[in-house]
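Next up: just one chain, as structure tokens, the form predicted on its own.
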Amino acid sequence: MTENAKKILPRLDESLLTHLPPFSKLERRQIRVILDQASSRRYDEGAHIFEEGETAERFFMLLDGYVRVVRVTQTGEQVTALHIPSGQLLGIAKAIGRESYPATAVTATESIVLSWPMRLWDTFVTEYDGFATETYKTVGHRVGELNTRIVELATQQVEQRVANALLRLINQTGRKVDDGIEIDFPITRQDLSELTATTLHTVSRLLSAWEKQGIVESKRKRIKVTDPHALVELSQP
């Protein structure tokens, strides 16, 4: 664990997990056992929960906050592969048959995370109704999202890729505000360029043009979509 991670109160209430899909079919006594086996930590923004290539000794549940999943290419370039919102599992290497983490998890905001030793994974899968089903749904969804992005990289113009990335982010994490929908965590233009395999210069040029057209607002690590319909039109071939 990194220095900017610290312990929080060890005794968490069962209600924290009852509404989350991997645990929603369980009785409170089962959730109590699960929580008593967990470690809970609060991470500052920018903390690394685990590193790409590390032995996967634990799996995690993001209770609050947002996480960027980052990979390093063969040329040493950092690429943001996914954004994970609260209420989802991460670091589930065993679910995809790996013994090491396939990417690095970096907190995009201050975050609260539960974790369990990976040796408990098989117990969770076999003994807790719904855990396996929801876990593999999560894996399927993330694989589908990555495949969609691969297709976009191969077939779409830069403008379409950036528009699609923003639409995905507001669908996953958007928060309604007075004049639009805001991505509910700090995101920089550099983050968006990594997410779309685009240069920072190009992302900045596009966002500036879209701001002049009244489609988005971008400032201080915040991006707000003020005209979602126009952004949908930009995302189309």
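Numbering starts at 1 and runs along the sequence shown. Every value quoted in this text rests on a predicted model; they were computed, and no experiment measured them. We call the rigid core the largest set of C-alpha positions that still match within 1.5 Å between the two forms.
The form predicted together with another copy of the chain exists for this protein as well; it is not shown, and the discussion that follows is about that form.
Determine whether any heavy atom of Arg119 comes within 4.5 Å of a heavy atom of another copy of the chain in the model of the complex, and answer yes or no.
Contact check for Arg119: no, nothing within 4.5 Å of another copy of the chain in the model of the complex.
Although another copy of the chain is absent from this view, report whether Leu146 comes within 4.5 Å of it in the model of the complex, heavy atoms only.
Leu146: contacts another copy of the chain in the model of the complex.
Mark Asp129 yes when one of its heavy atoms lies within 4.5 Å of a heavy atom of another copy of the chain in the model of the complex, and no otherwise.
Contact with another copy of the chain, no.
Although the partner isn't part of this model, could you tell me whether Thr73 comes within 4.5 Å of another copy of the chain in the model of the complex, counting any heavy atom of the residue?
Thr73: contacts another copy of the chain in the model of the complex.
Using a 4.5 Å cut on heavy atoms, which of Val139, Leu167, Ile112, Val158 is close to another copy of the chain in the model of the complex?
In short, Val139.
Answer yes or no: in the model of the complex, does another copy of the chain come within 4.5 Å of a heavy atom in every one of Gly97, Ile150 and Ala154?
Yes, the whole trio is in contact, each within 4.5 Å by some heavy atom.
C-alpha of Thr148: shift of 2 angstroms or more between the shown form and the other one, rigid core aligned?
It does not reach a 2 Å shift.
With both forms fitted on the core, give yes or no for whether the Cα of Thr73 moves by 2 angstroms or more between the shown form and the other one.
Yes; that C-alpha moves by at least 2 Å between the shown form and the other one.
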